[in-house]
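To begin, one chain is listed below as structure tokens, in the form predicted alone.
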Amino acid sequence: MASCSGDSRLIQFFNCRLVRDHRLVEEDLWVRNGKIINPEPIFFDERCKAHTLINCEGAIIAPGYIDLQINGKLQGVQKVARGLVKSGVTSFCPTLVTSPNDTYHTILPRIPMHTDRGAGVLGVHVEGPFINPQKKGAHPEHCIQSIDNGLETLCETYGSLERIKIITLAPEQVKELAVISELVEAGIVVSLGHSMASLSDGERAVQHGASLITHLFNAMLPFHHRDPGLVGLLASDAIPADRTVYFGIIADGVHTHPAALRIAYRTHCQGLILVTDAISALGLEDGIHHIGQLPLEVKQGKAFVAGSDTLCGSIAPMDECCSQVFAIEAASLHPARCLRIEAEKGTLDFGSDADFIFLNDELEVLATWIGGVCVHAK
């Protein structure tokens, strides 16, 4: 059997375990033209062998992580994208916190949709400004708005919806919830967060198309047995049968107590999405830094609004948030499903993008591949 001819080089990864069908399977991985392929036609139709064989030495191969919330200075997206691959993130949504309209108009058109040897940009996550000032967290109150005129308000605020993939809003800040349906029809994921919403408020928003909760437990009403608020969406019987409510959760041991994480997992595991909510201080030492309009202070591994005890994002990279195969899928398959891109990303299925990572048994990232090209290796 001869090597395949032509420019389409075939790579065979062997001596590995693949994350497929919610378990580890001992199979080879085959890649061609940036895609994961089915090897059977290679053997029986093309009758050829791989150009390159890579011995993975028993490593786990998992889909690349997808991070829906990476805060910070969006002018530095290229630098952030190259840094993310070190923790196994192959795709992400750069996140812009509540800002003045002029900032959106200036920054959004300049965000690169393609990066060089870095994690791919799936679109921007605009976290605000349509949030509740009582749950503003690290967001500047003077920039907070409400949606009074539907899509017209959003276009005036952002300038354009073209590069936006996720909008976090508080449903009580929306005059007419029909705008949520319009956003979903335009391919934008509507996420609920920074909110004082009751459970019924959240249910109505989901019935109009909202499908995600931004950093569950943080910046929302705490669970109460008479009205569980947005947290109650995890167990609501008013969710349309064909709808999954996803929820981002920051599993850094700071934003969410491990017991709260277990409650969310046991209640609605298929909706759990690991996010870092990482800020521009990711990996920085203690001191004063900046995020959006506000200064932040990193102290003893935590980030706060400077001069306060208000948490404003995590500084834990994605690979410190995962501890099991389920967590791998919660950081890859689940966010892909939430963004409705699971045919291309979030799995190792045939035909999907060759975005994957090598892990050891402690789930430490050994290498990151994007489009069938190694962009990081220890």
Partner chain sequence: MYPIHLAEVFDYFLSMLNNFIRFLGNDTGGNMRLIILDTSQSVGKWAAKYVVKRINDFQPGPNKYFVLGLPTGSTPLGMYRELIEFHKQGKVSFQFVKTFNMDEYVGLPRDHAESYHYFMWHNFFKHIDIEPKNVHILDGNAADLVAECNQFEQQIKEAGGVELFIGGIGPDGHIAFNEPGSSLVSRTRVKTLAQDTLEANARFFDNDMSKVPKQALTVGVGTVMDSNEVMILITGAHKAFALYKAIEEGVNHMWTVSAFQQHANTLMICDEDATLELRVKTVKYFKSLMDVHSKLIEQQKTT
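Numbering follows the first chain given and starts at 1. Just so you know, these numbers come straight off a predicted model, no measurement behind them.
Just so it is clear, the following notes concern the form predicted together with its partner chain, a form of the same protein that is not shown.
A.B. asks: Which one, P41, G58, G34, G351, lies within 4.5 Å of its partner chain in the model of the complex by heavy atoms?
C.D. replies: Exactly one listed residue reaches within 4.5 Å, namely P41.
A.B. asks: Just checking whether E27 would be counted as a contact of its partner chain in the model of the complex - the rule being heavy atoms within 4.5 angstroms.
C.D. replies: Although its partner chain is absent here, E27 would touch it in the model of the complex, with heavy atoms inside 4.5 Å.
A.B. asks: Looking at the partner-bound form in the model of the complex, is C48 within 4.5 Å of its partner chain by any heavy atom?
C.D. replies: Because a heavy atom of C48 falls inside 4.5 Å of its partner chain in the model of the complex, the answer is yes.
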